[in-house]
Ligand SMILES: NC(=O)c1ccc[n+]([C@@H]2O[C@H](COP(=O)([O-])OP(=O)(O)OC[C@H]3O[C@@H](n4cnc5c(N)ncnc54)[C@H](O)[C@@H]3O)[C@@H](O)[C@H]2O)c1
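Next up is one chain by itself, shown in structure tokens, the form predicted on its own.
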């Protein structure tokens, strides 16, 4: 965080720290602000997912959206962050929880994790399906896919007074069109969420505690544990949507 570079490649050239951590490194010197202490009985391979995916997804639901019990909620995009967001939304106690994606396998997993309904965004009438299931639209739509079509879906399924939260990081420069009059006439809110609006030293311990109590079953998102020799294959599996989360084990 101070601008220094602590890592070097095989040629001795300095490497910048990604997000201040460079977590593909076997060892790294990091700033104290990048570290959160966890209890020793929490396996490190399990704690690893809380540093990004869980913090962003669960935080978007609980911190940014502030879902209240009884609200109608939809989560768009069911990758590692999206399914974490689904679990966070479930934890908040919505009356209706809808999962939306284009991958049938992930829609099936979402149902297993507590979604009341799973909708394929490839269906031409998917917006109307949500409106029919909710009596006009959702109170909260959380976009975690990082795409403009997903944002448009989230915006299109809001009821009057609804809130669209996005933590999906759409491509830089991509434009998301909205109807300006809706902001007033329908009191629509659009909110961004960076890392789930989290304070890591506050939120990671409480999310881990919810996991330990069985209320946040993050372990069900982990598909495999891989070593460095399988890292390229691991990225291919992510790109193809065949896995949700993989754990990189340096000495696996």
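Numbering follows the first chain given and starts at 1. Treat the numbers as computed from the prediction; the structure is a model and nothing was measured.
What comes next is about the form predicted in complex with this ligand, which does not appear here.
Partner contact region in the model of the complex: 142-150, out of 177-185, 108-116, 157-165, 142-150, criterion any non-hydrogen atom within 4.5 Å of this ligand. Interface residue remark: residue 216 is not counted as part of the site for this ligand in the model of the complex, having no heavy atom within 4.5 Å. Heavy atoms of residue 94 never reach within 4.5 Å of this ligand in the model of the complex, leaving it off the interface. Taking the partner from the other structure, this ligand in the model of the complex has no heavy atom within 4.5 Å of any heavy atom of residue 127. Interface residue remark: residue 64 is not counted as part of the site for this ligand in the model of the complex, having no heavy atom within 4.5 Å.
Scanning 210, 190, 47, 52 against this ligand in the model of the complex with a 4.5 Å heavy atom cut-off leaves one residue, 52.
Taking a 4.5 Å heavy atom cutoff to this ligand in the model of the complex, the one contacting residue in 116-139 is 121.
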